[in-house]
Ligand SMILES: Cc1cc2nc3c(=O)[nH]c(=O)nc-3n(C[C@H](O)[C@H](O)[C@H](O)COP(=O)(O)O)c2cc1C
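As C-alpha cells, one chain now follows by itself in the form predicted alone.
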C-alpha cells in the first residue's frame, strides 16, 4: 500500500477473489449463522466462516439418518463467499466430508483446522494442533482434500508450532503449499500458549519468504483498524483474519476495510445502535434455536459487546441471569452501558 494506491488488492484463493482481504475466524460457540449475518450486515468482512465442523461427527449423524450438523444450519442458503472449516485426522473422512461440503453445500472455501489447541480436539482426538508435529501428515491430509474438493479452494489454519521450542510453521506451511493448498492462515501463538501472551507477528512474517506463491494470512491480536493496517504494512501478509476482537466489536471489519481503502473510519455505533444490533443478533439466534435455548445462548453472545464500557460488569451480571426474551429486552433497556470510543 502506498499513498498513491492505498487499497489492498483482493486475496486470491484459487479462482476466488476475496475483497477486502479480511477474513472472520471460525470461533466455536460464536460463528453461527446469526453472527455471520451480523458481520455481513455491518460490512467489511471479505470471507466469513462457520464454526469448525467435525468430519467424524458429520458422518456419524448421517449414518444414523439424523439431521445435519447444527453448525451447517443456514449454510446452503446464505450469501457467498463463505468458508466452512472441518477437522479430523483421517484422510478418508476429511476427503469425503470436504467433497460433500464443496458439492452439496456449495462452500466457497473448505478450510482445514490444524491449529485448535483444545484438549478434546488436539489431545483426545489427536487432531487440530496435534498434527503440527508431523508436517508430512498435514500435507498428505491437505492433498486428499484438495483432490476431493477440486475446483473449490482448500485452505489450512495452523499455529506457529506445538510449543515455543518446537516452532515449525515454515515446514507446515510449505507442506500445505506443496499439497495444493490455496492459502495458509497462521495464528501467531504456539499450541501450548493457548490464548496467553501476545501473538508473534514477526514469526508469522518469517514464513512468507519460504512460500513460492501461496498467500499467507495472519491471525492474532488484531483489535483495531490500525492493527490491521500494520499487519499488512509491517509484516507483508496477503490477508488477515480477525478473531475474538470481533465478538466485542463486530463493526471492526468495516473500520478495517475503510482504513485499507484509505477512507475515513466510520464512527463507533452509539449505545442505541448497539442495542438494536443486539436485538437483531437475538432475533437471528431465536430463529435457529428457538426462544428458550436462544435466550440461554444470548447470555454469552451479548456479554462481549459491552467490553471496555462503563457499567460493563453490571450489564454482564444482568444478562447472565436472563431466562426469557422479555428479560433480554429489559436488560438492554436498563443496563446496557453507554458507548465508549476505543483507540484505533
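Only a predicted model underlies this, so the values are computations on that prediction, with no experimental measurement involved. Positions refer to the first chain, counted from 1.
Although not depicted, the form predicted together with the ligand is the subject of the following passage.
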Is the ligand in the predicted complex close enough to 46, 255 and 268 that every residue in that trio has a heavy atom within 4.5 angstroms of it? no
Residue 219: heavy atom within 4.5 Å of the ligand in the predicted complex? yes
I'd like to check something about residue 106: if you look in the predicted complex, is any of its heavy atoms closer than or equal to 4.5 Å to a heavy atom of the ligand? no
Is there a heavy atom of residue 85 lying 4.5 Å or less from a heavy atom of the ligand in the predicted complex? yes
Residue 30, heavy atom within 4.5 angstroms of the ligand in the predicted complex: yes
Since exactly one of 322, 18, 25, 332 fits, which has a heavy atom within 4.5 Å of the ligand in the predicted complex? 25
Please identify the residue among 137, 244, 208, 93 with any heavy atom within 4.5 Å of the ligand in the predicted complex. 244
What stretch, of 291-299, 306-314, 274-282, 50-58, brings heavy atoms to within 4.5 Å of the ligand in the predicted complex? 50-58
Residues from 123-158 in contact with the ligand (non-hydrogen atom within 4.5 Å) in the predicted complex: 157
